[in-house]
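Quick heads-up: it's one chain on its own, the form predicted alone, in structure tokens.
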């Protein structure tokens, strides 16, 4: 923490809703030029804490000082010194992007002089400039989130409160957003941010881990990582999900086995002994890991380790019948099928040829072609506004194609969209649940839509409640459920009728790491039973869990293959993982070095893409020394899916993609 007095300070902050204590005796402080990350599982009290500090929600107990204004009592004064971005969109759907930004600029009293330059800077960073004249209500979910970021940052406040600001935002935009935050820190702004991305928490000055309204741990990211007290075993394999199942069942001495992309993190007292036993167990099942090594824990490791033993009611894992991980075959994992549609075995669950969708002069989806066989988890990635949701809506029979052909579950999209709808499950970006209904009422409502009744309805309702982890909460209002529980309930309602194909549009957006892992257990269980799962996500580690991945940009598919093969496309360059204090301080200088094609924040360090690693290491070390950073670890690593995503988008831009006239 810096030495300046805190500009935001909470002392014993408490909020009760009837018998429920949402925030329990919370104390924290944030100084000028400091960013404090508040992390925790769904329902931990993070949003409630921010709403009290913003003067929006009445404080039940304790007190706070925000920019010299006392709470409770001076809520109006607080609002004059802060900017607050909530999880719920605060946009006006009938106003254009430019009109929304101008409205918030007037609301915050931003001066007219220099305003347009500020607006242009924010619209450029968010890639929203091409959409200045589009109504906010016609933007995709991710684009609405980015517009709200722009509106929150239109003036420079003393205190910035951000409630999970990058949920639903693609990796390129997330990186750009954090550059903006670091510039604000340089101007002395105090930032309190809640986030579901633990790599973002690594970038904070200090972090607080909140659970059931109480602060369990607090400190710098390094202090919290060291609190785990042991290294962990990292097992890298393209068959990570299958390997996790094997090790969870057979690896004695392992306290936990968690999947992080294509790597397992195994926690135990003796990583070396665990590695030897893990190698033997995996070899017995025909799996040879790419690597086994001891590594320092990440913040996400600490998060999972701390919370895994203190789950609240309803947060338990789904029963094995609902979430048994997929036993991946060697065909799908070690020797994946070709990305060429002609080479894939039929029949297809999804078959698309030159599918397009135009809105006036705007081409949202531009002649996409692919096929998906039964039982495959097919990942659909792309920046906000790339055409992902539009494609899914066409495949679900909700939006007619402008041209091209497609068949889903054997039904022609143009001829029989109703047949498609009867044969699929669909979970949209926005919760499709009715929040004023109880858990049981939502399940019965959707069961009725799908024609379920009598004993069959009772059986499926019992299954849905168990899968969502909501036993004993059937009579709770859906609006009172935390995000992770809502997500699983929404999925249960979408697949009550046991469809052969399921479309999931960003199903884990904003959900904490524990809930995301449980959700993917369910997805793998469905795929193992032969269900085809078509999923979009902005969590790049989740792309590793798919059998194949398509990357769509400006309405066109620019890559389609297995995660393993896509990552080999970056082997012409080397990625250096650089770990140093305050990586944001050196980012621009490192990016400008000769021989560096790209540098980006990545967790608590930098990923630097270079042609000549030895020469680049010396130049990077010189920059680090100029900032007083000595002996910083630096090693060549295999690319991550985020590296692949960013590299391919930038390559398209360099080829003139942004000038092609289609949306970003």
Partner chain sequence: MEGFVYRRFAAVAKKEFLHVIRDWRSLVLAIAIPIFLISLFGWALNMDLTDVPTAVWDQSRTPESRELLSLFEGSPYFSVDHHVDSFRQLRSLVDKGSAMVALTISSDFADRVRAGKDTEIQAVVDGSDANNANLALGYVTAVGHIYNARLAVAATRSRGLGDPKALVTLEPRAWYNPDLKSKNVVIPGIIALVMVVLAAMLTSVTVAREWETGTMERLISTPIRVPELVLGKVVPYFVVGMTDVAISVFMSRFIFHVPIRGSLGLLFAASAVFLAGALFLGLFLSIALKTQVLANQIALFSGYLPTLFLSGFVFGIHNMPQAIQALTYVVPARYFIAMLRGIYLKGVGLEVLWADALLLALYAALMIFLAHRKMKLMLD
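Computed from a prediction, not measured in an experiment: that's the story for all the values here. Rigid core: the largest C-alpha set superposing within 1.5 Å between the two forms. Positions refer to the first chain, counted from 1.
What follows is about the form predicted together with the partner chain, which we do not show.
- In the model of the complex, at least one heavy atom of residue 104 sits within 4.5 Å of the partner chain.
- Using a 4.5 angstroms limit between non-hydrogen atoms, residue 636 is distant from the partner chain in the model of the complex.
- The closest non-hydrogen atom of residue 51 lies within 4.5 Å of the partner chain in the model of the complex.
- At a distance threshold of 4.5 angstroms between non-hydrogen atoms, residue 88 is in contact with the partner chain in the model of the complex.
- The contact residue chosen from 28, 57, 596, 632 relative to the partner chain in the model of the complex is 57, the criterion being a non-hydrogen atom within 4.5 angstroms.
- This chain lacks the partner; the member of 178, 108, 463, 260 within 4.5 angstroms of the partner chain in the model of the complex by a non-hydrogen atom is 108.
- Look at 516-524, 271-279, 74-82, 227-235: in the model of the complex, residues with non-hydrogen atoms within 4.5 angstroms of the partner chain sit in 74-82.
- For the partner-free chain shown, nothing in 410-425 comes within 4.5 angstroms of the partner chain in the model of the complex, judged by any non-hydrogen atom.
- For residue 578, a C-alpha deviation below 2 angstroms is recorded between this form and the one not shown after rigid-core alignment.
- Remark: with the core as the superposition reference, the CA shift of residue 519 between this form and the one not shown stays below 2 Å.
- After superposing the rigid core, the Cα of residue 220 is displaced by less than 2 Å between this form and the one not shown.
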